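The chain that follows stands alone, in the form predicted on its own, written as structure tokens.
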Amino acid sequence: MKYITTIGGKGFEIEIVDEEHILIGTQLYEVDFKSVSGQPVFSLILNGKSHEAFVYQGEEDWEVLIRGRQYQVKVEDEREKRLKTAGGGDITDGEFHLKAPMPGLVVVVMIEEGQEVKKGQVMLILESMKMQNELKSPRDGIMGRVRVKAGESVEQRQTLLSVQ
């Protein structure tokens, strides 16, 4: 099965060859991807290199936190992508709710309600498992409600703030 994966506006064609191999473009990779204890924490071994990732379903796309950076990842199979393209593409309006990818401590909130934000701008820093993670705006917009403050503990999937 082939999938079109979009990260930061850049598309990648990914084909699952078998349980241990994927093809990204023309490059073949050996993979081992497993959930750790039924949590949204995954062990990823890619061509012999080990990585740890937090992966969970967001409001519209997948949220992936790896090496202290958070990514929004859209995954569509080929047929789904063709149907959307034929229908006029994606619409990116409405309110986006940023949710905590894992339990942690809010270190600093770097924006205020009503403030203009740009895509990729750091909105807050969340500390979890002794790592500080920058949570960024997925698009340009106006900061809606900020639901947390520095020093506050949050649970996984708790809504932190919204971008309009």
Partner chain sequence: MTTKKTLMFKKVLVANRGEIAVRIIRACRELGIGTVAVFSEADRHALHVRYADEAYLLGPAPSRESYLRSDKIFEVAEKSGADAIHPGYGFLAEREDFAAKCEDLGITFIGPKPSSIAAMGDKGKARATVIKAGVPVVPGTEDVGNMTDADLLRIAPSIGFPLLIKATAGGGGKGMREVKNLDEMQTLLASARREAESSFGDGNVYLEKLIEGARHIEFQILADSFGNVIHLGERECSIQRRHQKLLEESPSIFIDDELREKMGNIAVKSAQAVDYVNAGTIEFLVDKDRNFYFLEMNTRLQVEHPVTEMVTGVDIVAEQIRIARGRQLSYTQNQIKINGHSIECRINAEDPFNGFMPSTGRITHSLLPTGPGVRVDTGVYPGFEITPFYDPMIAKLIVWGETRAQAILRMRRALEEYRIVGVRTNIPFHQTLMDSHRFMGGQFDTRFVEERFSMEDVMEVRTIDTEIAAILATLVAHQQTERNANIVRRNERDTSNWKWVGRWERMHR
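Note that the structure is predicted; figures quoted are calculated from it, not measured. Numbering follows the first chain given and starts at 1.
What follows is about the form predicted in complex with the partner chain, which we do not show.
Undergrad: Going by a heavy atom distance of 4.5 Å, is A150 a contact of the partner chain in the model of the complex?
TA: Looking in the model of the complex, residue contacts with the partner chain do not include A150, since no heavy atom lies within 4.5 Å.
Undergrad: Is P138 close enough to touch the partner chain in the model of the complex, meaning at least one heavy atom pair within 4.5 Å?
TA: Because no heavy atom of P138 falls inside 4.5 Å of the partner chain in the model of the complex, the answer is no.
Undergrad: Is there a heavy atom of V146 no more than 4.5 Å from a heavy atom of the partner chain in the model of the complex?
TA: No, V146 is distant from the partner.
Undergrad: Check whether N47 has any heavy atom within 4.5 Å of a heavy atom of the partner chain in the model of the complex, and answer yes or no.
TA: The answer is yes: N47 has a heavy atom within 4.5 Å of the partner chain.
Undergrad: Using a 4.5 Å heavy atom cut-off, which residue among M131, V108, L28, V122 comes into contact with the partner chain in the model of the complex?
TA: Result of the distance check: M131.
Undergrad: Within 4.5 Å of the partner chain in the model of the complex, which residues of 24 to 55 have a heavy atom? Give them in sequence order, or say none.
TA: I24, Y29, D32, F33, K34, S35, V36, S37, G38, Q39, P40, V41, F42, S43, L44, I45, L46, N47, G48, K49, S50, H51, E52, A53, F54, V55 sit within 4.5 Å of the partner.
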